[in-house]
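As structure tokens, one chain now follows by itself in the form predicted on its own.
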């Protein structure tokens, strides 16, 4: 960092966000250039391994294992500013912090994540964490999900998904399967219902048909075209807008257990910035992850306009692309790197097996392992519970590279046997 007479701090690289995207990019850049003048801006005290929250809610993982201090995750030689970004001035290569300080950059990397809009559902905030209303999308609520599942003695268990895009699009149904498996093992009768504005169980048809079979084996019902708009916790009633044939009606559904996934959007400070597209996301080229209008700005992770599924696996594969293109911009050397839209969603179909959905842009299925990936496997349960946390903390977050092995594989058109 260089501080000039005008009081402005100038850095070669400024990284916004201390999540998986920002931390991994900063750590990788530090490995490639130990002397690089760089700073990470992140106001939060803690970093969370959010893919683990489904397992916490299903009683398979402790919440404490998903949380570490931000400062402990980022290399000690990299400066961290614990403030929020207020605004951008890309014409001057500057940004304004919540303290009123202005930073200048040569290159900017934005990895600010996604915003959870809890208040978009009337009555939800007031009842979260009680009345049987919970969500695995918050660190403090995932353990309550497990409490609700254990306390359930029968009745109606509802699971909701908001309009896309959201992070980890499979998570809303993962907890349904873990709850259904628990109820089945303990002989508990449950009316299991999954409410989604979408028209299928999953956005990639190759996997959607297999998940229909998982739902059928648990006796669960999928209600498409439904969006949760209100929750009355004390009355244990959920309100859904149902759209069919161009008509919208309001439906009330009683519940004994309600797992809610909130609507999500780009962070507000990005929506109102000149970096955003019309929908509010950082407007980047989907292959190079370089901003479409400001060549010295790059983005990765959930806050960007790329049409991939927003998952940690996507970040893992975006990180080396951003780093390579940032280094190319800094040094003028190296080939331009490209991201193919890869994402992975380990769908926990029970507390024993996982269906590992892998795909690239346009829903093109490319997998890392031989065999039909629609069949839930025990080895993928180990992958989800044991290996992926290791890969996250010890490889990706530390700026190390992991081989990219996904590719198209020939599989029969017919569904394999589906055993959750």
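As the structure is a computational prediction, the values presented were derived from the model and not from experiment. Numbering follows the first chain given and starts at 1.
Form predicted in complex with a small molecule: not shown, discussed below.
Asker: For the three residues 227, 258 and 350, which mark the spot I'm curious about, does each lie within 4.5 Å of the small molecule in the predicted bound form through at least one heavy atom?
Answerer: No, because 227, 258 and 350 lack any heavy atom that approaches the small molecule to within 4.5 Å in the predicted bound form.
Asker: Using the partner position in the predicted bound form, report whether residue 38 sits within 4.5 Å of the small molecule, counting heavy atoms only.
Answerer: Heavy-atom contact with the small molecule at 4.5 Å: absent for residue 38.
Asker: So, residue 184 and the small molecule: in the predicted bound form, are they within 4.5 Å at any heavy atom pair?
Answerer: No.
Asker: With a cut-off of 4.5 Å between heavy atoms, is residue 66 one of the residues that contacts the small molecule in the predicted bound form?
Answerer: Flag for residue 66 set to no.
Asker: Residue-level contact is defined here as any heavy atom of the residue lying within 4.5 Å of the small molecule in the predicted bound form; does residue 44 satisfy this criterion?
Answerer: Flag for residue 44 set to yes.
Asker: Look at the stretches 44-52, 29-37, 58-66, 368-376 and give the one with heavy atoms within 4.5 Å of the small molecule in the predicted bound form.
Answerer: Looking at the partner contacts, the answer comes out as 44-52.
Asker: If the cut-off is 4.5 angstroms on heavy atoms, which of these, 117, 79, 83, 126, is the one near the small molecule in the predicted bound form?
Answerer: Flagged contact: 83.
Asker: Which pick from 211, 315, 180, 231 sits with a heavy atom within 4.5 Å of the small molecule in the predicted bound form?
Answerer: Only one option qualifies, and that one is 315.
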